[in-house]
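Shown below, as structure tokens, is a lone chain in the form predicted on its own; questions about how it binds or moves come after it.
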Amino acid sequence: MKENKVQFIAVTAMAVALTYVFTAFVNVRLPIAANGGLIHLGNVPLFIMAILFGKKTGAIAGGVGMGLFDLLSGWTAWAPFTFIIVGIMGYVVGAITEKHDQYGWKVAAIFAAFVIKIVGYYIAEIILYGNFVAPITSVPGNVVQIAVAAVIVLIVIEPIEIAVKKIGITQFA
């Protein structure tokens, strides 16, 4: 049991680090939206880790990894929203794929995360900007961000799952 806790901490810390790095260093800033915008690949390790290791790792990787990016890169006002929205995204992807291992469920899980991101950040922007119109300009960037992550994850997830199973690391309940 103690071995499982240590493994959970190590894998989840790695998931947080990968999510942060892919958000911070593999991104493009957009000159649109009320506060600019950012397209990044942080969702790739987030989705992979949530699918491989479950909802707890997914929630922590998403919330902490991307929330930390916001805190350290000048997007501080977004950090509480990111912590909640992306934490929920990771939790949902992990929860769905913990129960269902088939490819179609992985697609459904990422689609659920897509909906959470679009709706969550739209509401966050309403709160931050005080109107219902400005947030619409962020939707295309969020769509591209999740679509790119979905394509990458859905291509690489099966070989990664095989490798992780060979190593002997399992999902954390």
Partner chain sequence: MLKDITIGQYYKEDSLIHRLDPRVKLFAVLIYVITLFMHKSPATYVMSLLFLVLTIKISKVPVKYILRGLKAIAVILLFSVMINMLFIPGKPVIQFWIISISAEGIRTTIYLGSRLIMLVLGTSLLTFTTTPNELTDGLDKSLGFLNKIGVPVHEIAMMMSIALRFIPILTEELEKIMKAQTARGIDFESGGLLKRVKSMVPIIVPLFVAAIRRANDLAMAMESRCYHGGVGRTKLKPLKYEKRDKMAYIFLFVFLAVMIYLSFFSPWR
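Residue numbers count along the first chain shown, from 1. Just so it is clear, the structure is predicted and the values come from calculations on it, not from any experiment.
Note that the form predicted together with its partner chain isn't included here; everything after this is about it.
Task: Heavy atom within 4.5 Å of its partner chain in the model of the complex - the one residue of V115, A108, V26, I123 that qualifies - done: By the 4.5 Å criterion, the partner-contacting residue is V26.
Open item on the list: Considering non-hydrogen atoms and a 4.5 Å limit, does its partner chain approach P45 in the model of the complex?
Closed with: Yes, P45 is a contact residue.
Task: Contact of I51 with its partner chain in the model of the complex (heavy atom, 4.5 Å) - done: Because no heavy atom of I51 falls inside 4.5 Å of its partner chain in the model of the complex, the answer is no.
Open item on the list: I'd like to know if V64 sits close to its partner chain in the model of the complex, meaning any non-hydrogen atom pair within 4.5 angstroms.
Closed with: V64: contacts its partner chain in the model of the complex.
Open item on the list: When the contact criterion is heavy atoms within 4.5 Å, does V133 count as touching its partner chain in the model of the complex?
Closed with: Within the cut-off, so yes.
Task: Those residues of 70-85 which, in the model of the complex, come within 4.5 Å of its partner chain by heavy atom - done: L71, L72, S73, G74, W75, T76, A77, W78 sit within 4.5 Å of the partner.
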